[in-house]
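Just one chain follows, in the form predicted alone, and it is written as structure tokens.
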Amino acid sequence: MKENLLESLNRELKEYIDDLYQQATPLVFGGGNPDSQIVLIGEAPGKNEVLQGRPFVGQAGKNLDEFIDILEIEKSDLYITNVVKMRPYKINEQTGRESNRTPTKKEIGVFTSFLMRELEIVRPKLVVTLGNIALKCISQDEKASIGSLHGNPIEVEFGKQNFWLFPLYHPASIIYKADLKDTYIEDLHKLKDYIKKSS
């Protein structure tokens, strides 16, 4: 039942985005277990995600595997999605190559109502956001900062439902800032304890 509702929502989103941008736009939809009580939300897909049509593959997928190992849960027990379902990119003027960029407020705004409906279908008890973009979107607070809120559960109202939000640094951030690694791992252990207590 949930699978059918999600498929219908995805078709609606694809038509809306293609119409909005006046071109066929590759989208990466959420995936995993729609009956999961835990939803993982990232920022937006990158090149590998678009190529494979799934969220969190490539380097991001390796980080996700570490995440799952620490939590001692199965990947099949999670539902994974992104705030923005298309790849935000810029083109390097020297090389002509595409590289990822942060989604704009407009892009986030375009996808937020669909994310609300996606979560209304899945109905998680716990949403784990990865990075600032997902945190600001789910908390509906532009001033929310991962630096001050990471590693602590927050009760939020998003759309028509309430759930607990657990903000984490984005796994990719530890690639660029090695000093965040210890904090990230510590937060994962806090999340593991939180999941055990609330299950």
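In this text, all values refer to a predicted model and were calculated from it rather than measured experimentally. Start at 1 with the first residue shown and count on from there.
The following text describes the form predicted together with a small molecule, which does not appear among the structures shown.
J.: Would you mind picking the one in Ala44, Leu168, Leu165, Cys137 that has a heavy atom within 4.5 Å of the small molecule in the predicted complex?
T.: Looking at the other structure, the residue within range turns out to be Ala44.
J.: Can you pick the stretch from 156-164, 142-150, 54-62, 32-40 whose heavy atoms fall within 4.5 Å of the small molecule in the predicted complex?
T.: Of the options, only 54-62 has residues within 4.5 Å of the partner.
J.: Considering non-hydrogen atoms and a 4.5 Å limit, does the small molecule approach Asn82 in the predicted complex?
T.: Yes.
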